[in-house]
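The chain below stands alone, shown as structure tokens; this is the form predicted on its own.
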């Protein structure tokens, strides 16, 4: 295959990034649920015709690390020969889409002269996908079926028309059907926009030039990440961190053995604890997303966002472990809680050999809260909120306060919107002063968010981490304060466990106090 001019490759690469970002804006502007419109719990990406990631928006790292896996699973399960122009496919099955059930992917193959040249993917976190609890975070789940509707790769559009019976089956099994349908239609609009823009690029530059540019982008990002690995001293390093676990299990270990040899790396998580009959397990695709994120985060330069960044890396998980569970095990919280412990275990493994390039421990939890109830008509409303916290300090700077740490990148939902749409009053949003760990550079502070219930009955779910194991300091810095979620009722405060579901009554207050980041260096 002939070579492209490097400038032309750069033009096409930036054009594809713009396509992915336009797809994200399409969902933000047209979705129905506030988790998408206000908080942006969604991502967009493009792959080449073989399912290799070639472009992504400025979205959530944990999403972007698994989206190409969804395309490869679609190709493996369905076969490229079964895909047709005008198709769109929907999937959320963890074994075929990489992460938990609420993250629903819509995938559209892009054809040029009867050949598939690319795929567009829109991922959106649905505020409900069925299951045993409103919001589909069933903290008591002991198997995957209790977490919601499982959708294997199935055609949702054929010849640009909605497959009505598939849509009806999905919508009948989720709460808030009108919102869910609106969110799905926004995703379909996004992948159609992606297809249109890709074909415009091909029309301008030609299909051969387009395909060469995709190949060159993969080659470039592989070279870049090999350089990042070379910058880590050769050797073998061990690290671990812990999830809070369940009341019965106690803390659960995530362990990694990192081996660096030249420009290749092995991340072996085999020593991690066994899977639990609780929703804190996660998938090997999520583990890979954590590794990918770590390598890009320490790069010190902009890395081309393609699937080739994991080509020089071997990732090992042990079947039956927390990071490679049986398909029957629940995984909903592992998507954003266990994934962060994967990153922290790697940071702990390498902190002694390259502390000047790393930061102390951060909040590392989505701090998820879900309020839900029934409207007068009998249908459900659901307020899905995530909370940032303090980031760890590093050798040059104190940690950022009230921010998203590692694999999250969501916005907060404005208090004005919450109070206009739900029977919830946001009494306070503030920085949790003094929660960052002391050090030469202090860790970032967490945040405080306080909610009051305005009706007689509301269901509430909490899923958070860093309650038992606080974010660690680095190079002699002190740990940040741990995460706390409190229920204030009739003048009494009850601190909630990391996985909790119960009924709230009128005037109950939920107080979220997110973890502060660890400090760096001796004060």
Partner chain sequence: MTWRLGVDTGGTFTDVIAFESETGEWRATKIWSDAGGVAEAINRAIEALKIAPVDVAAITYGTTAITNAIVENKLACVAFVSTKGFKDVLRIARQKRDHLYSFKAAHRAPPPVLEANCFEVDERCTHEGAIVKSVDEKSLALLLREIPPECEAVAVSFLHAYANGANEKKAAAILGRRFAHVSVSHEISPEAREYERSITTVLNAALLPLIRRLVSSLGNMSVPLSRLRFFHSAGGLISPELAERHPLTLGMSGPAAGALAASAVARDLKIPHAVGFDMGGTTTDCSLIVSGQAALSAEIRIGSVPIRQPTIAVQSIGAGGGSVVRYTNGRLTVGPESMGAKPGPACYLRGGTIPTLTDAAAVLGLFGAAAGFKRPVKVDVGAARQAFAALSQTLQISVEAAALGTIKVASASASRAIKAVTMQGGVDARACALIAFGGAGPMLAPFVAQEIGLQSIIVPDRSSALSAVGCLTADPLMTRQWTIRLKMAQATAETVERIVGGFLTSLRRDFHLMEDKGISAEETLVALLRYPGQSYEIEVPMTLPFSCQAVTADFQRLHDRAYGFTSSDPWEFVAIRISIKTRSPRLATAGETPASSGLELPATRSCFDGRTWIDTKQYRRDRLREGATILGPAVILDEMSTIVVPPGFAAAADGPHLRLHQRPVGGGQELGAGFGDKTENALA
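The structure presented is a predicted model; accordingly, all values stated were derived computationally and were not measured. Residue numbers count along the first chain shown, from 1.
What comes next is about the form predicted in complex with its partner chain, which is not displayed.
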Legend entry - Residues 264, 272 and 478 all lining its partner chain in the predicted complex, heavy atom within 4.5 Å: no
Legend entry - Proximity to its partner chain in the predicted complex, single hit among 435, 391, 282, 97 (heavy atom within 4.5 Å): 391
Legend entry - its partner chain: the contacting residue among 403, 317, 150, 173 in the predicted complex [heavy atom, 4.5 Å]: 403
Inset, instruction - May I ask you to state whether residue 236 is within 4.5 Å of its partner chain in the predicted complex, using heavy atom distances? - result: no
Inset, instruction - Considering only heavy atoms, tell me if residue 200 and its partner chain come within 4.5 Å of each other in the predicted complex. - result: yes
Legend entry - Any non-hydrogen atom of residue 493 within 4.5 angstroms of its partner chain in the predicted complex: no
Legend entry - 4.5 angstroms heavy atom contact with its partner chain in the predicted complex for residue 215: no
Legend entry - Which of 330-338, 110-118, 188-196, 238-246 lines the interface with its partner chain in the predicted complex (heavy atom within 4.5 Å): 188-196
Legend entry - Sequence-ordered list of residues in 135-161 near its partner chain in the predicted complex, where near means a heavy atom within 4.5 Å: 157, 160, 161
